[in-house]
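Included below are structure tokens for two forms of one protein chain, each presented in isolation as structure 1 and structure 2.
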Structure 1
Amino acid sequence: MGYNTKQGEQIEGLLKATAGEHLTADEIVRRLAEGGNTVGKTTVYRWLDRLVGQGKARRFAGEKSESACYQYTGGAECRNHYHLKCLGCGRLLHVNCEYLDRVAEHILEHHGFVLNEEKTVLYGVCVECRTKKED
């Protein structure tokens, strides 16, 4: 796709405006519709693939029953940090952590295995979801 369309601009614009969030294609379709813009899911996926290919967005794979989510990077690399995925709300957090760096060093030294920080995702439950569960 070597051309720009109004829908493509809307999709990229939404991702830019929500750069700190991780959105699924369904969420993008819904948010665009809330703003009065009707864009089909196929078009959203096509543009997401294009943005990922250009390095403007990152795709985070979902679990078997979850959809992948996307984050706008604007070409900046999503490296040198780990990711925490909440099983409650689905949020994906970026974490810089010296302790996890030491764990990665241990894995390399004792197991001969190099972790890819960029693709390392630890699953658990965020503080907000734990608090809701306790109420």
Structure 2
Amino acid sequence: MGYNTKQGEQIEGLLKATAGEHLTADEIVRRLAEGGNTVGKTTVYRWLDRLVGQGKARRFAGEKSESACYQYTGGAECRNHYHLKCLGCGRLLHVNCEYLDRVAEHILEHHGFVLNEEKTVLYGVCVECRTKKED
């Protein structure tokens, strides 16, 4: 199911190389073009859908009519930890932390709610953006 193609490799490769950032479909087209690789926007959208379906990437809906951003998450290992996303720079932090694991247990026991770690993102501001603000 699914062929390996030049475009697919380039899209996944770019996402992987910029895993700390988040990119819109448009930005992916532009960056690939800058690298000399022309890829149609339609193809970018189709590969992003596929990568999200495979759990290799993640989609972040934009505010209002902004474009959605996509970010590489790398697959299986990302299902076992938490994600902190910075509202300042967009960076996604991957946090392995037993304390946070216990949060899920607490929520289940005390609030009857099964936390979906894959769908949950904790929003806030990272250290870098915090110190930057103070300038």
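What we label the rigid core is the largest C-alpha set whose atoms superpose within 1.5 Å from one form to the other. Computed from a predicted model, the values in this text were never measured in an experiment. Every residue number counts along structure 1's sequence, beginning with 1.
Could you let me know which number goes with the form predicted on its own?
Between the two, the form predicted on its own is shown as structure 1, not structure 2.
Is Leu14 one of the residues whose Cα moves 2 Å or more between structure 1 and structure 2, with the core superposed?
The answer is no; the displacement is under 2 Å.
When the rigid core is overlaid, by how much has the CA of Thr120 moved between structure 1 and structure 2, in Å to one decimal?
Once the two forms are fitted on their core, the shift reads 6.5 Å.
Give the rigid core superposed Cα shift of Glu105 between structure 1 and structure 2, in Å, rounded to one decimal.
Core-aligned C-alpha shift comes out at 12.4 Å.
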